[in-house]
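Below, in structure tokens: the form predicted alone, a single chain.
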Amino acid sequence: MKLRILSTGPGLLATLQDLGRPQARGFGVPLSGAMDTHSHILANLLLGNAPEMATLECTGGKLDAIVEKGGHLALSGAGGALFVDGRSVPPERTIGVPDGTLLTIQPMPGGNFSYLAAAGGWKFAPVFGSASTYLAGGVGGYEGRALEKGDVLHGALELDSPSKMEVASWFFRTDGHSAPRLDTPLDISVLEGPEWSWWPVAQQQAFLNNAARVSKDRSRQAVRIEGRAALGHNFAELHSTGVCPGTIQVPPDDDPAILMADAQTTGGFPRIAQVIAVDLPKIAQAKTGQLLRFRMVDLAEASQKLIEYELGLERLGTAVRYRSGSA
């Protein structure tokens, strides 16, 4: 597989990502990786790839690319739609593309991120064992930066090119491409943060009972939420302490921030809550203005949700292997 970038539309951010580099966090290196890990994993599973293989994450604009060496691809994620030689291809299914095919990933209103996987993954030079692009540090991915016109991606496997376009009849049935109404709150499960008890009960209840709104102030590092003035505090700042993706920090005079994939490893603001792992992709795909409602769960429920989610992914992977005859 060989893919050459022809053009990048205004606002596009296209980077190579995987599931990040958790083993490097002890050295102060951010996790990075896919913002929507669920869609990243689905794109890989469609092709029989391991979940941790690199995908191309696209957000914010249009991408055009020419297939110089054909192969098999899959796109997942509510933020983009795939077009092959101008023909729309339904999401969550595998496609075979011959040499010379024009690929377009068009941004869609249902979300923010989409993920293009290649059979066997994309080739990359590992940094701490990961393909993830950390833009602030200029490491990982494609020379530590976003893709630009003329860049070439290579598949990790040498496979024969299909002679014509092939679109699989089977697909993953998901609801990832239906945009929620902005005024209908997304339910987000959270755990108590280490400083949860610092807030009086009335403020704790306001945090859980009153909907918050996703701010336009968002990045791969954090997504801010509006409508949380009741959380204002005059707590002394903490000594710098551990944070991770999903941590909700509350500065004394600014909107709370939900930390995301490129979050720092330590911070000095109180941590009121922690978004559970299976719900963090919802935050990544939530549009600006989307209402959120937080629901407190305990560690046992959060763990059960994660187990059920991972078992579901395992079943999908098994189904793909049986479909391909490799099980």
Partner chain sequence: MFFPTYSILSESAVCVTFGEKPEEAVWQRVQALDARLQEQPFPGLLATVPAFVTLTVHFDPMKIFRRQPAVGIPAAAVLRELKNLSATLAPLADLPETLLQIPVRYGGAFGADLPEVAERLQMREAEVIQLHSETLFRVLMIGFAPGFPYLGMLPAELELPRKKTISRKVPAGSVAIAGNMTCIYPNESPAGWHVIGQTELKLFDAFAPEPCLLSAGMQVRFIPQKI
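Small disclaimer: the values here were computed from a predicted structure and weren't measured. Residue numbers count along the first chain shown, from 1.
Note that the form predicted together with its partner chain isn't included here; everything after this is about it.
Contact with its partner chain in the model of the complex, judged as any non-hydrogen atom within 4.5 angstroms, is confined among 145 to 153, 123 to 131, 211 to 219, 109 to 117 to 123 to 131. Taken together, the three residues P22, T241 and T247 all lie with some non-hydrogen atom within 4.5 angstroms of its partner chain in the model of the complex. Contact annotation for D85: none of its heavy atoms lies within 4.5 Å of its partner chain in the model of the complex. Interface residue remark: P90 is not counted as part of the site for its partner chain in the model of the complex, having no heavy atom within 4.5 Å. T288 falls outside the set of residues with a heavy atom inside 4.5 Å of its partner chain in the model of the complex.
Contact check for L316: no non-hydrogen atom falls within 4.5 Å of its partner chain in the model of the complex. Scanning H38, R271, K282, K69 against its partner chain in the model of the complex with a 4.5 Å heavy atom cut-off leaves one residue, R271.
In the model of the complex, P22, Q23, R25, G26, F27, G28, V29, P30 are the residues of 22 to 40 with at least one heavy atom within 4.5 Å of its partner chain, listed from first to last.
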